[in-house]
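What follows are structure tokens for two forms of the same protein chain, given separately as structure 1 and structure 2.
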Structure 1
């Protein structure tokens, strides 16, 4: 056995940390704050990564990547999420929009969309969820009706991250009503600048500029904007979800904050209640546990295998870690002054982590769906 990632991955990790240290402000907490400088920083950082082939390392060299191994991809996910995702909204284009276009797009679509994603110059949003179609996505009602040699899209999407700043939308809409609700769905690559689109931000406790409603009122798209075959959208969406098999490396941020805590508190660390030291140690163990569960999925991926139950188990463990570690860290900062310098940066990072952790079991698909998947896999194996 060997739990070391190897010299190549460690070199990549050092390169990423070096870039973060030199280009990401030490008080950076994500691209989507009230300060526009954070978004600007993220966009600049993406270009920096792109110049080094690090923005989409998993992509083939032909499209601006470097054919990175699943372990190198894991290291990129870990380092970016641990440092509050300095790629901003780019992960969506890089992780699954690009790969899906590579697989199902026409040469024209590939030529139009892939180079800007690889250069970090474009932001995508995902038009999936609707007010009455969340976990039950196939129940969506947004319609695209034939109109001459194109389509007219009407309907409403919700919980659409980055819609206020996105140039393109990866939209799933109904193009016909069939016997099964999974049939008659089609993917459109829709320009957000098109007439008839109204984006309304949703105020949330998580933070600004994240979630939006998007209304489509007879938005015109052409056949050239259809990805794959008309009516074949559900199959494409299943593939999209498979690109997100491991999901966000939430454990990396949890571990960074937990390990940072003693240094941030300095002498005050020793004055914490004994019970809190114990809860901290337990969370450190749970962060490792979640990381090792993620590595099981990556290990399978590296051998071309998929076990949906393992991916679901990881998602359940890591979201629980996200929320429980946030609670422990909030309790820790409650006992310390942390009014300036490193202490203040730590306090703000913990508060940000806590706010985001609330959504961990909902974002990217509810945890109940993961439990259903895992139960299904378990019983099928019986």
Structure 2
């Protein structure tokens, strides 16, 4: 098997790294910090990528892409995540909201939503999880009731990233009660400026803007806001989750931090305990294993296949990698004096990675649910 992506992809990586080096501060740790300048920088960087055709290169040209290969899009995803995602929240619109609207939206929905995503001008949030329906998403209770030529949405969502700044919400709500809880669910493309929406931030150690409660009190949406068919939301969401889970290239950040460690520690690297060197080497290997699992899903999606079992296998590997590599890296910085310069930047990056890793096996579907999905896929194939 040839793991090389070709000269075009390698040239793209060099271009992206050069843009990051020239436009992203060396101590940047993400857009959603206490410093508003970080978000402003990310929004500006998004527009820069869009102007160069690099924000969503694999999209069709008619929707702001340049018909590039999915491997070029994978390279963009990897380089962005390796450098603490200087696109901010745009990965959501680029990786799965946009492609889902392409596959299931009307021409009017495509014309309304796809160009602003491609230009890096709009932020989306995801209205899925609820207080009593997190990993068991099909048990959600947020209700959309028919009201004339539209719908009234009432209920609550939780853990909604970016809800304080998003202009649109990709909302899953119940439109009827059926024998199976997976039935009667519908997707709405909901403007966050609509009357009746109340967003309440949830304080966490990963900083502002990430997690929120969102309350819907009779929010009005029209039939034009329904994505796909009424009652067919569950089928579409299965595709969404497959795109979402491979769209976050956590392995790229893990590998960059691991490879950075010897240079950041300098002469102190050789003084680390032998078993810690061994754990570090295993994590490098596990990062590359997760990368190959991601490439398997990218290859399937490039051929029009969406298989939840393959996405689940990747998700299991990458979330475990996230947490295990974070612990190894924290142990490494515990043995070194990293008080200034590159050493200080490395320590801050590792600590940031560790904070995010805590929720890795719960976010976007718990690891237990991923194991169930994988087990079902294996049983169906046997």
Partner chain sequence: MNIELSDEAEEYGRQARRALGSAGGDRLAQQAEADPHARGALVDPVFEALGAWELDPRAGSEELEAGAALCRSAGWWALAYPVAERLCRPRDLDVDGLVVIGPGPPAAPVGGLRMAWAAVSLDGWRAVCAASPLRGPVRKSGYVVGLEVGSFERGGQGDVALGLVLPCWTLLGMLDRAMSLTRAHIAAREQFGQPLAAFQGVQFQLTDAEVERLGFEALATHALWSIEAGRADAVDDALALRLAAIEAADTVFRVCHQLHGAIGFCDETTLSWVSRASVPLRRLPLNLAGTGAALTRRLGRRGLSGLFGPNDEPSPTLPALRPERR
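Please read these numbers as outputs of a predicted model, since none were measured by experiment. Note that the rigid core is defined as the largest set of C-alphas that superpose within 1.5 Å between two forms. Positions refer to the first chain, counted from 1.
Chemist: Between the pair I just shared, point out the form predicted together with its partner chain.
Modeler: Structure 1, not 2.
Chemist: Determine whether the C-alpha of residue 217 shifts by 2 Å or more between structure 1 and structure 2 once the rigid core is superposed.
Modeler: Shift at residue 217: below 2 Å after core fit.
Chemist: After the core is matched up, is the C-alpha of residue 165 off by 2 Å or more between structure 1 and structure 2?
Modeler: No, because once the rigid core is superposed, the C-alpha of residue 165 moves less than 2 Å between structure 1 and structure 2.
Chemist: Using a superposition on the rigid core, decide whether the Cα position of residue 293 changes by 2 angstroms or more between structure 1 and structure 2.
Modeler: Comparing forms between structure 1 and structure 2, the residue 293 CA shifts at least 2 Å.
Chemist: After aligning on the rigid core, report the distance the C-alpha of residue 314 travels between structure 1 and structure 2, in angstrom.
Modeler: A shift of 2.7 Å.
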